[in-house]
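One chain comes next, on its own, written as structure tokens: the form predicted on its own.
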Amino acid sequence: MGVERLPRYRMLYSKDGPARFISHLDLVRTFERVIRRADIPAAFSMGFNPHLIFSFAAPLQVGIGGESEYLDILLKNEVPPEELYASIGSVLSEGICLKGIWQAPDDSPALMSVVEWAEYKVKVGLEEQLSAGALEGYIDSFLKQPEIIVGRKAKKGRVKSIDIRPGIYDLGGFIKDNTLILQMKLKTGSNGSVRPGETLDAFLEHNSLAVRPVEIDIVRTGVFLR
């Protein structure tokens, strides 16, 4: 029986707390253990080294939480989604929470190929007071730039200059207790992604804003498919 005919199930989950510091590779291993412990009829690939057939929508950088992440898995046979929810949800690691699971059409394209953009919430403390009006002007000035060049580490330690402006679809924000909270809609997917951290750095540099030496909190609030 061809793999493409196996029933496909799509999970919606969150990743927070200690789990936000799990690398993507370790997250893959975590879900491998979870699916084995859940004792569901998961499908395996063919060959000398068979592995579970599942895929993520878009990897998260270490330290970034995710409120609505997607994962697809193929099973050997159909199982009621509520049974899968109970089995998988009971063995998940701390910080990972299953929010929903349903059967997707068998001919659904690979998740990564249909991811188009993602939303992030970024919190950072400011060293100086900033009014709502000033922030609005800073955002407007930032977005009016024809290009926003950032340096991104490439292979062999080289730094590659890229223009992230076309991939910044929207940017908004507000101030609360002298904390800057930015909401970003950024290009994400197999055709390239804009990272929230580099967008924040470019925004702060463009507007000469200094931040307090505190941990920056970044959460991906949603991943959106075509």
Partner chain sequence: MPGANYILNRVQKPARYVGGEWNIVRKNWESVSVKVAFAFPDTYEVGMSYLGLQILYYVVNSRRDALMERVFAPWIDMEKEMRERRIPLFSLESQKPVSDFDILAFTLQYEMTFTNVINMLDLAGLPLHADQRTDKHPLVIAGGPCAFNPEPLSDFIDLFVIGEGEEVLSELLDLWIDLEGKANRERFLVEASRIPGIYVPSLYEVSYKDGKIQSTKPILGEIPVAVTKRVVRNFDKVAFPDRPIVPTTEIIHDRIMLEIARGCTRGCRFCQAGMIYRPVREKSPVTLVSQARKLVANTGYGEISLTSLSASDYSCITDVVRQLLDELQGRKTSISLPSLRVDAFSIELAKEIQRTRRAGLTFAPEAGTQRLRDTINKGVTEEDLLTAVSAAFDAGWSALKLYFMIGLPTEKMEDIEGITLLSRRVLEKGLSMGVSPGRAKVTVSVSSFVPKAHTPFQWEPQAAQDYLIDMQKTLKKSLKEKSLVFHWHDPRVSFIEAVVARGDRRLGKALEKAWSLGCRFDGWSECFNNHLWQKAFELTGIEPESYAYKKYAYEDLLPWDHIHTGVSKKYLIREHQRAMSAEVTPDCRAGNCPGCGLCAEFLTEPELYGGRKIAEIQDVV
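What you see is a predicted model, and the numbers here were worked out from it, not measured in a lab. Residue numbers count along the first chain shown, from 1.
One more form of this protein should be noted, the form predicted together with its partner chain, which is absent from this view; the next part is about it.
Across the proposed site, Gly137, Lys144 and Asn178 without exception lack any heavy atom within 4.5 Å of its partner chain in the predicted bound form. Among Gln183, Ser68, Ser193, Thr30, the residue placing a heavy atom within 4.5 Å of its partner chain in the predicted bound form is Thr30.
Looking at 48-56, 196-204, 165-173, 183-191, the stretch with residues near its partner chain in the predicted bound form, meaning non-hydrogen atoms within 4.5 angstroms, turns out to be 48-56. Proximity of Ile22 to its partner chain in the predicted bound form falls within the 4.5 Å heavy atom cutoff.
Contact check for Glu128: no non-hydrogen atom falls within 4.5 Å of its partner chain in the predicted bound form. Remark: Val114 does not count among the residues lining its partner chain in the predicted bound form, judged by a heavy atom distance of 4.5 Å or less. In the predicted bound form, its partner chain sits within 4.5 Å of a heavy atom of Leu92.
In the predicted bound form, the residues of 53-74 lying within 4.5 Å of its partner chain by at least one heavy atom are, in order, Val62, Gly63.
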